[in-house]
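Next up: a single chain in structure tokens, the form predicted on its own.
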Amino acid sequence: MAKSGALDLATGVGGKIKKEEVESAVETYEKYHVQFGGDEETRKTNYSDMVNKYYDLATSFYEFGWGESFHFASRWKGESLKESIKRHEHFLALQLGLKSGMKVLDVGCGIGGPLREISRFSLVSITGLNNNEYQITRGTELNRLAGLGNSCNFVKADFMKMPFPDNTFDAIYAIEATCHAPDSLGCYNEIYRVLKPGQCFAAYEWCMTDHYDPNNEIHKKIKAEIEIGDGLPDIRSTYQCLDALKQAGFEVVWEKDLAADSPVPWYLPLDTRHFSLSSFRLTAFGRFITRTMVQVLEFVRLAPAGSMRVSSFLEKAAEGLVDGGRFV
């Protein structure tokens, strides 16, 4: 069960960062981004620090509003967000042909929501790779509560420099995680190295479509909002990701823009024009309540100074994602 209470949110903000240092961590994180004078090269050079600060600051907000699986999913009509996320994870497991006894790696596993669901669905043991200590601590506790403490584990490491021998895993997947890599080819090279020959890697990846115009100021603004709100050094195009996979040695067996023909827009949970009881905290009114609650918690010092600023850049990301999905 994911954390859901206001006090859990308040005490989780900052992750492993000392509570009195949260506000300065927010300032450092913000300065990596365009709105605060940052640039792409600085984000890529300092990606480990940037992404770690992001997830220390944002993880409790994610879990409070989204649950244990921090990703989107194409949706069928009448399907809840939780159901679509679970189906998305099952689909990936089926595409990989996961079977009991296989050794599986989740690259950039978050707090392990997909890892636990896929492990239960496919009866496999999964190692989650994550470079954020707070998320690993939280994921380990959730594994224990789910009864998966003996079958699934976490390794703290950078996915640009994995601490595994060549040809270790029978299958590897990544769910909206390798977008944090400063260099997609370097990341895919590492995945290819630790995957056994002839086996499969599957990924859901955030990409810019051909509709993006780098000379359009509105498009650039939307992209920058998503980058600061989601801890991204850059957002690469679909072509760049596919080309990097091929350069790394992979044969691309199947690829698809899942947003293109989704019956329900992927960004709908974040669209303030949409109301849903099943994902109430993501609606306009739910976000207003969360914003007010965080403001009060920070004022009475249950939440650390800087919590409202984290809430603000996460809301800005939500706006950018909706605008990107609708217009770009």
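Just count from 1 along the sequence shown to find any residue number. For clarity, every value in this text was computed on a predicted model and none was experimentally measured.
Keep in mind the form predicted in complex with a small molecule is missing from the figure; the text below concerns it.
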Exercise: residue 109 in contact with the small molecule in the predicted bound form, heavy atom 4.5 Å: yes
Heavy atoms within 4.5 Å of the small molecule in the predicted bound form: does residue 196 have any? no
May I ask you to state whether residue 297 is within 4.5 Å of the small molecule in the predicted bound form, using heavy atom distances? no
Contact flag, residue 159 vs the small molecule in the predicted bound form, heavy atom cut 4.5 Å: yes
Considering the small molecule in the predicted bound form, find the one stretch among 265-273, 47-55, 286-294, 31-39 with heavy atoms no farther than 4.5 Å from it. 47-55
Considering non-hydrogen atoms and a 4.5 Å limit, which listed residue (223, 75, 180, 138) is close to the small molecule in the predicted bound form? 180
Using heavy atoms only and a 4.5 Å cut-off, determine which of 103, 219, 90, 71 is in contact with the small molecule in the predicted bound form. 71
